[in-house]
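Only one chain is shown below, in structure tokens, and it's the form predicted alone.
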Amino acid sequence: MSDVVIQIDGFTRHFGSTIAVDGLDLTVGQGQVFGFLGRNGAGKTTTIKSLLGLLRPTSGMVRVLGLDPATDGVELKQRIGYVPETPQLYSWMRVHEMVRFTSQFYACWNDAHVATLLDQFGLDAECRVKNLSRGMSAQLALVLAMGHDPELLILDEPATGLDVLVRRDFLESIVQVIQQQGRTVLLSSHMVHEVERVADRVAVIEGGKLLVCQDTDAFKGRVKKVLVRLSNDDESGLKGVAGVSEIEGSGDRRLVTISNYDESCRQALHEAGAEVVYVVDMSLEESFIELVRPHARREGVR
């Protein structure tokens, strides 16, 4: 892929005997809004810390904008923006003071762009940080991450802890930012429904391993719910159809969850004594759940 922004090959990170990330391969291209999905503890933050040069790989290779974060950290930090799950903002400062303070760390700072973002988000430059709501504080962190016009924006669980309405407003803020041409965004979250609105490509990590990396629409198309009518009330034949993970309902109708559904599945259902009534597309969150469910069950999580 040309114009690669993030290249990860065989990245493994150990913490003592614990393997946090295990042989991860990942590529993010320029201009993509890339959703990095996984349950809590899946290895997302460990991977992001390696992209920022805060952790060195135990083995494997990590490159960001063609640079090695472990050795080129100073140059790299001038070219990327980062919003962590819990931004550290100085509560006694006013918003404009926080902006001025942050600007001193960068060789280039776009005051006009910052002023535009503050206006878009309705942030009062004279307001003290301690008086901002949690949603406004998250928006300020986003403004500070964008002030130096970064080529890559990394968001690590940026909306965690916000209530549903504030989270939606914050996502709208992100949408405004990523619409800027050429901006590459890596959005890490375990709240999958948030990612669906903005990401054009997603990767799912579980137990430190990559499960899938696909365009968002293709990933959503991996799993279908299929309403079928049985020729009798016996559903046992359905359990033998490849990809079936769940059967719901009673009587002569069942709602069947099937991975990698295609016309061969329809034929297999027919042979199992089931007529397909209609096929229901799944959301990104539903597809994610079906993908990670087998791993959760092995851990005893339902």
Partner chain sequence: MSPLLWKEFRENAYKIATGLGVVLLVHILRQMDEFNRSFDLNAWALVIGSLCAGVLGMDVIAGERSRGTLDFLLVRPTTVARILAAKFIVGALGLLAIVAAFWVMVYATPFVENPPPWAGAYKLQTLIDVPWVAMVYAWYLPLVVIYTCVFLASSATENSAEAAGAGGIIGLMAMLFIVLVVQFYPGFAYDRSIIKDLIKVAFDDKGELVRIATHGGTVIRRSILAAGLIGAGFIGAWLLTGRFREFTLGRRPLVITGFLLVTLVMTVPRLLPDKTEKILPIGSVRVGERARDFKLIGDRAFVLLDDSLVVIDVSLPTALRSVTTVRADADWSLSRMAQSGSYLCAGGWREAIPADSAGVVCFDITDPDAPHISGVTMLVSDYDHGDPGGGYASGRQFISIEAVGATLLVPNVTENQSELISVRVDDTGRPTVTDVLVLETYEYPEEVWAGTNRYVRAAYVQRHAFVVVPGEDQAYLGLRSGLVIVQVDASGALRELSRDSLGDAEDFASGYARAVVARQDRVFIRRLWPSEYVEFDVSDGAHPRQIRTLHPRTTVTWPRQAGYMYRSRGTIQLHDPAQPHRRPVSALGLARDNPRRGVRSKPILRDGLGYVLIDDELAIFELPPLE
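Residue numbers count along the first chain shown, from 1. What you are looking at is a predicted structure, and each value in this text was computed from that prediction instead of being measured.
One more form of this protein should be noted, the form predicted in complex with its partner chain, which is absent from this view; the next part is about it.
- In the predicted complex, at least one heavy atom of residue 98 sits within 4.5 Å of a heavy atom of its partner chain.
- Contact check for residue 70: a heavy atom falls within 4.5 Å of its partner chain in the predicted complex.
- Its partner chain is not drawn, but in the predicted complex it has a heavy atom within 4.5 Å of residue 82.
- The closest heavy atom approach of residue 133 to its partner chain in the predicted complex falls outside 4.5 Å.
- Of the candidate stretches 217 to 225, 168 to 176, 102 to 110, 196 to 204, only 102 to 110 contains residues with a heavy atom within 4.5 Å of its partner chain in the predicted complex.
- Just one of 244, 55, 33, 272 comes within 4.5 Å of its partner chain in the predicted complex, counting any heavy atom, and that one is 55.
- Of the residues given (192, 89, 153, 114), 89 alone sits with a heavy atom within 4.5 Å of its partner chain in the predicted complex.
- The candidate spot formed by 211, 255 and 282 is out of contact with its partner chain in the predicted complex: none of the three has a heavy atom within 4.5 Å.
- In the predicted complex, 70, 74, 77, 78, 82 are the residues of 58 to 87 with at least one heavy atom within 4.5 Å of its partner chain, listed from first to last.
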